[in-house]
Each structure stands twice: as structure tokens, then as C-alpha cells.
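Single chain ahead, by itself, as C-alpha cells, in the form predicted on its own.
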């Protein structure tokens, strides 16, 4: 089992879109995959059809409140074969912080809570470096960093890299950066092309070859509550996330060989 946290401390970089569509691509390839939604916005959960406003089900918030020894009873099946989700809800942040203060530190989600039956566990993290993001980083084997192909996004990348280094030194020495990939890449603009080239020159082997382009089909897939590979498998976004997922698997295989 390999665990990956998709992380960037800047919002709007395509983090949730990426975690859902990478998870979908893994499941579509027959890999039993769990998405753990640590973002109180619960966008990844809703993207997979798990909306607390329209249905009743247990969430990560319930798991924390109950103090359960295992997470299995809180994991929800999705409509997609081999893809499950431990969903979030807006109350997660408040409950997490309140109960963390009561127990005087520590994390509520630990390695022993991660079911071994999954080949891949992906964490969606909130767009800030609070306790929930650090909980994911303390658990994960790898960090995957999406970066919007705009100059303003470069500062967010540097802060994210510094945070990962801090976690390595204090919480999780085995944490590795799996790679960086460009998102919202508009091939028509020189700025996007220049930023992507700068990322490749600056971060070299950490950069994945695949960049995720601007694609309205990704928005349509979110609205349909499906990963794009299930909604519009021939769309450019589906092909790009499939190619990126293939690179991710290849890099993990090479790292563990």
C-alpha cells in the first residue's frame, strides 16, 4: 500500500480536481484505491457523489468524534469500482481543532487506521498548512504537488516545499516528494508556457512530463459527480490525468525497486 498526499498551500491550483481524477484513473486501471478527504470543504467527497446535504452517511468527522480504533466503518463505497472514500464535511475543521486541544496534541488519523487492503491511499488536504494538512503529511509516503502555471503560484510552491522539509525533519523522515506537475495550463498563452518551462528548469527531475490543461470537461465531470475518465473518457482532461497517473505509478515502482 502506498499513500500520497496532494498538497499545495495555495487554493485554486486544481488540487481537489487532481486527487479525484488520479484516484479515478487508478481505480479504472484495477487498483483498489481509497481517497481520504481531509478538506472541510468536502469538495472531493462531493465530486465522488458523497454530499451530506443530500444523504446521510458517516464521515471522517464521525470517526474523530467516536474515537474509533479502525476507520473501516466510516469508509464509503462510491459508484466507481475499486474506488472508496473516507469523506469529509464542513464541521471537520472545528471538531478536529477542538478535540486536539482537549487531548493536548497529537493526530487523530494514524498509520494504524489506514486499511491495508488498498493498493493506493490518496489524501486531499485543505489549502492551508493547518493541523489537517500536517496530519496527512505525517502519514503519507509521498507528496504530490500541483502548481498552477502562473507566476503568482510559484511563491506557493516554495512555501509548500519548505513545509515538506519541515515535516521530514520533525514528523515523518520517510516522506518523499513524488513530483510536481503543472495545472490549468493554457497552451495558447505565452505566460503559461514560460511558467511551465521555468518549473522544468528549476525543479528538473521532480517535474512530471504531463501538465493538466484548461478543460471545461473537468468542470462538467465535477458537476456530474464523476471522475472525468468515467464521465468523458475521450476528453483531453481524461487523457492527461491517465498519462499523469501512469507516470506516478512508474515513479513509485522505480522508487520501490
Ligand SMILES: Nc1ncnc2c1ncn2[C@@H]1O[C@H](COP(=O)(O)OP(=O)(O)O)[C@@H](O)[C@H]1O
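Residue numbers count along the first chain shown, from 1. Predicted model only: the values in this text are computed from it and were never measured.
The following text describes the form predicted in complex with the ligand, which does not appear among the structures shown.
Asker: So in the model of the complex, does residue 36 come within 4.5 Å of the ligand, heavy atom to heavy atom?
Answerer: No, residue 36 sits far enough from the ligand in the model of the complex that none of its heavy atoms falls within 4.5 Å.
Asker: Please tell me whether any heavy atom belonging to residue 215 falls inside 4.5 Å of a heavy atom of the ligand, as the geometry stands in the model of the complex.
Answerer: Residue 215: yes, in contact with the ligand in the model of the complex.
Asker: Does at least one non-hydrogen atom of residue 71 fall within 4.5 angstroms of the ligand in the model of the complex?
Answerer: No, residue 71 stays farther than 4.5 Å from the ligand in the model of the complex.
Asker: In the model of the complex, does residue 219 have a heavy atom within 4.5 Å of the ligand?
Answerer: Residue 219: contacts the ligand in the model of the complex.
Asker: Have a look at 78, 93, 160, 184 for me and say which one sits with a heavy atom within 4.5 Å of the ligand in the model of the complex.
Answerer: Of the listed residues, the single hit is 184.
Asker: Even though the chain is shown alone, can you say which residues of 1-40 have a heavy atom within 4.5 Å of the ligand in the model of the complex?
Answerer: Heavy-atom contacts within 4.5 Å come from 10, 11, 12, 13, 14, 15, 16, 17.
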